[in-house]
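The chain below stands alone, shown as structure tokens; this is the form predicted alone.
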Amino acid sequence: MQKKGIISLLAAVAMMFGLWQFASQPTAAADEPNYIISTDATYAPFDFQDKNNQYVGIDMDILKEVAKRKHFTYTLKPMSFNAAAQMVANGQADGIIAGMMITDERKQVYDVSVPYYQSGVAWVVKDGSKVKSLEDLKGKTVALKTGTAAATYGKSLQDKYGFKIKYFNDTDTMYNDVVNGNSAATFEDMPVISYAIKNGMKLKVMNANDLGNAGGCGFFVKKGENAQLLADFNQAFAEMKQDGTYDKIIAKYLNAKQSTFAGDKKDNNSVWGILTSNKSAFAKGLWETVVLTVFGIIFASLWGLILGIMGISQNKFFRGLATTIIYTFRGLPLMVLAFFIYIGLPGVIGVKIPAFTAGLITLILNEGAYTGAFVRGGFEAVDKGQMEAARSLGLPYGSAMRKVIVPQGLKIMVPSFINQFIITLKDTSILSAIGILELTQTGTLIVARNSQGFRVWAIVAAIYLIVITLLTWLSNWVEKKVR
């Protein structure tokens, strides 16, 4: 019974994996190569979503023009900067364009294009700050974004000026840490901070006329691979510089008014305005969250049920195996597991795993382990006399479990199942780190565009609360019917 259950679950997961693999394959003309390009879509004006939820920015327009001129298509994979870079290093993506600075360290891992944008680093404080010089930062905390050239530049000044450093994975959170006074300053690429200030971020650039040297932004591919893609980029970029296309792209984003990409001011200055102007984006993000939650709950519950039954098996091997699986996946942080499955594992097995599939497997393994623990406890909570009575009536162990112990144990577990359903819903937000466009990632993209963190996250929090409330009501209704 246990073997059949395990085989059935693995077959179902494999089938789903195959379907999503097939669904994720891009359609392209037979004579046009298709590349997977990763990016950080929260780095305006280089990479972000506009008010129509389209990916735009200096990088996006350059990439689009290169693809047009060199007759190839591409599939864009937006996610956190570090994850996007790792995708290329591990062969999950063919290239990355994300306002990524060219450094000697990165040249050891990647092959890089000619610089397509030269940038300078500004140091920034909140409006009204008493910090007037770098010397004033002594003993204070400075916020930096991990993996960026601005962070490297800021780090290089730490010993000289005696400040402490706090790292963040996304730009908006870093900015708001300074605005809220938790950090005294930050270092950022000048065009990026200029866009944020233009969008209403209450920050002030302190060295606009004396910027630090960030270097040049480049297009990166894995070292020793995709030489043709890199050559196409360099050649097309040279053509764009020569015919004026590049200058038009730069002017389009650096000289644009806020409303061009972020929406009208009236749409961003109220919760209702943000909600109505981004309703389709919120709806898509919510739908992705619901789909992940439903599939995660179903398969994690099945997997947890199998682990629970294995955990009370008469066979020592199955009991030990169940205990090991539960211990392992309960002990791994969900984000670490997601990164391992989506970014680490493909580098070993040589097979690319779609983000949705990786996220779903993550939920199944993590939530299933927790489910398995309380399922095992629920079965063990059934009075031992029930099993003894069933066996005394001549029922085999398997039949006694199926007809006597499991039905009683499931009733005991109902509250735990309800609680785990709610946890699964909330845990889907962590999967935004691998680029799944669920509700949390949707909020991140909107904030990157309009810099209205408080209002956007208030909307996201309210949506989660409403869905969790509805799920709780439904679960309580099911509990009453079962009992």
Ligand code: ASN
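Owing to the predicted nature of the structure, the values given are computational and were not obtained by experimental measurement. All residue numbers are counted from 1 along the displayed sequence. We call the rigid core whatever largest set of C-alpha positions still superposes within 1.5 Å between the two forms.
Below, we turn to the form predicted in complex with ligand ASN, even though it does not appear here.
Partner contacts here mean any heavy atom within 4.5 Å of ligand ASN in the model of the complex, and among 140 to 148, 395 to 403, 276 to 284, 68 to 76 they occur only in 140 to 148. Of the heavy atoms in residue 81, some are within 4.5 Å of ligand ASN in the model of the complex. Contact check for residue 95: no non-hydrogen atom falls within 4.5 Å of ligand ASN in the model of the complex. Shown alone here, residue 364 lies farther than 4.5 Å from ligand ASN in the model of the complex, counting heavy atoms only.
Residue contact check for residue 126: none of its heavy atoms lie within 4.5 Å of ligand ASN in the model of the complex. Taking a 4.5 Å heavy atom cutoff to ligand ASN in the model of the complex, the contact residue among 100, 122, 305, 221 is 100. Contact check at 4.5 Å (heavy atoms) against ligand ASN in the model of the complex: all three of 43, 106 and 189 pass.
After superposition on the rigid core, the Cα of residue 121 moves by 2 Å or more between the shown form and the other one. Core-aligned CA deviation for residue 213 between the shown form and the other one: 2 Å or greater.
In the core-superposed comparison between the shown form and the other one, the C-alpha atom of residue 277 has shifted by less than 2 angstroms.
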